[in-house]
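Next up: a single chain in structure tokens, the form predicted on its own.
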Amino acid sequence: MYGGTHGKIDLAIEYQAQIPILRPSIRARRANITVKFQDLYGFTVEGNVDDVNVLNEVREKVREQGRVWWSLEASKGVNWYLQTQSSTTLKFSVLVNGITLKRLIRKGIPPSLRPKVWFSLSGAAKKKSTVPESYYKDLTSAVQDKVTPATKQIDHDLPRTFPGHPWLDTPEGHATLRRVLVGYSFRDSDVGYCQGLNYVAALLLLVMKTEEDAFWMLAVLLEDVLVNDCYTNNLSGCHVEQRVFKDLLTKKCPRIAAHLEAMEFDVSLVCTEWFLCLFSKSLPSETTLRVWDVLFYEGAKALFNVALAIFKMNEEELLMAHHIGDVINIIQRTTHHLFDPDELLTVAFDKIGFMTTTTISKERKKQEPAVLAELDQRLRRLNSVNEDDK
């Protein structure tokens, strides 16, 4: 498909056709009423005409980005971006490619190229290559009739995963998502299944097109990209991320942090879902996938940049809020209508300030003991209550 010039031209034409211009009715434009439309991934989106105009502007930028990527493929070769990873020498051309790629990815990977770029750059292709070719098929066949607490929870969550979606909310969609989630629950029994993974895996299926590729993207995400123990029974990794985020909010947005602390507002009220579902339930799908573009290339630190940016973008309004419910409403209203990913990512990477993976790792190590002690204390209290009830 990507091998020759003719294939690339065909794919480019197909790609342009995938990005339609949204045209609200004249009555809707005049009345500025709420309109419904489908985004590129089949989700029904509600917004006013201004939101539609923003989406059309974003889609034009996506087309421009597509032309840039096709041009680079024509001049540097089909898989030019892999040169930034495969070379062990610090050649100038490799460094230039690396800088170019980072900038390009932050501006967005074209939807038609996203599956192969994600699969290569995330490490999923390498992970898949370490096992027999029939691994996924053998795994799903071996476990399809087994019943565990994880499979019961998966079956419970399937109809609640993006209800109303034209493919995901169908018997075929449910069956495909189930195979991916059940398969992974047996691959890693420590994780098994955690609520939140259903949304992540569902969105991966829509992007990757094949369930096997979605499975390997889920595997590399949980095993290499995200913090350890984020989805284990006690969610210790997720608790660590919450504490790290609270510290970063104090450093990067001190006015907001001080105001929220005075209100006794716990940021986990809004952030837990962000870190468990990787923004898939909070942001419009096209914006979420732009965040994931960066996540799969730069790592989990991107999640902190984006989370901080959401607070930063609402700084003045948040400082005027005096009730916990008002803070939640401000954040949720913003995230649900963040149709312009460039606005979000510009704040995340240009205004929040530089953060390295090393910095985040040090923060995690600092927070881990307190989290483990707190979880241990909770377990002791729970056990004590259970003993008293006997």
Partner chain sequence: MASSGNKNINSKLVLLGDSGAGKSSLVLRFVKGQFIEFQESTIGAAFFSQTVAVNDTTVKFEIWDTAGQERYHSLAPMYYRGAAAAVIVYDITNQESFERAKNWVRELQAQGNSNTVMALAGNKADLIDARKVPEEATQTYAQENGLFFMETSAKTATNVNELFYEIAKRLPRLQPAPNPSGMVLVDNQSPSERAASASCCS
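Numbering follows the first chain given and starts at 1. Bear in mind the structure is a predicted one, so any value in this text is a computation, not a measurement.
The following text describes the form predicted together with the partner chain, which does not appear among the structures shown.
**Student:** Every residue in 111, 210 and 357 with a non-hydrogen atom within 4.5 Å of the partner chain in the predicted complex?
**Tutor:** Answer is no for this spot.
**Student:** Evaluate residue 163 for contact with the partner chain in the predicted complex, applying a 4.5 angstroms cut-off between non-hydrogen atoms, and reply yes or no.
**Tutor:** Within the cut-off, so yes.
**Student:** Wondering, does residue 140 line up within 4.5 Å of the partner chain in the predicted complex on heavy atoms?
**Tutor:** Heavy-atom contact with the partner chain at 4.5 Å: absent for residue 140.
**Student:** Does at least one non-hydrogen atom of residue 353 fall within 4.5 angstroms of the partner chain in the predicted complex?
**Tutor:** Residue-level check for residue 353: no, no contact with the partner chain.
**Student:** Classify residue 233 as contacting or not contacting the partner chain in the predicted complex by the rule of any non-hydrogen atom within 4.5 angstroms, answering yes or no.
**Tutor:** The answer is yes: residue 233 has a heavy atom within 4.5 Å of the partner chain.
**Student:** Tell me, which of 49, 330, 324, 40 has a heavy atom within 4.5 angstroms of the partner chain in the predicted complex?
**Tutor:** Contact with the partner chain in the predicted complex is made by 324 alone.
**Student:** Out of 319, 147, 175, 269, which one falls within 4.5 Å of the partner chain in the predicted complex, going by heavy atoms?
**Tutor:** Spelling it out, the residue with a heavy atom inside the cut-off is 269.
**Student:** Considering the partner chain in the predicted complex, find the one stretch among 261 to 269, 73 to 81, 307 to 315, 123 to 131 with heavy atoms no farther than 4.5 Å from it.
**Tutor:** Going through the listed ranges, the match is 261 to 269.
**Student:** For the stretch 195 to 221, return the residues whose heavy atoms include at least one within 4.5 Å of the partner chain in the predicted complex, in the order they occur.
**Tutor:** Result: 195, 196, 198, 199.
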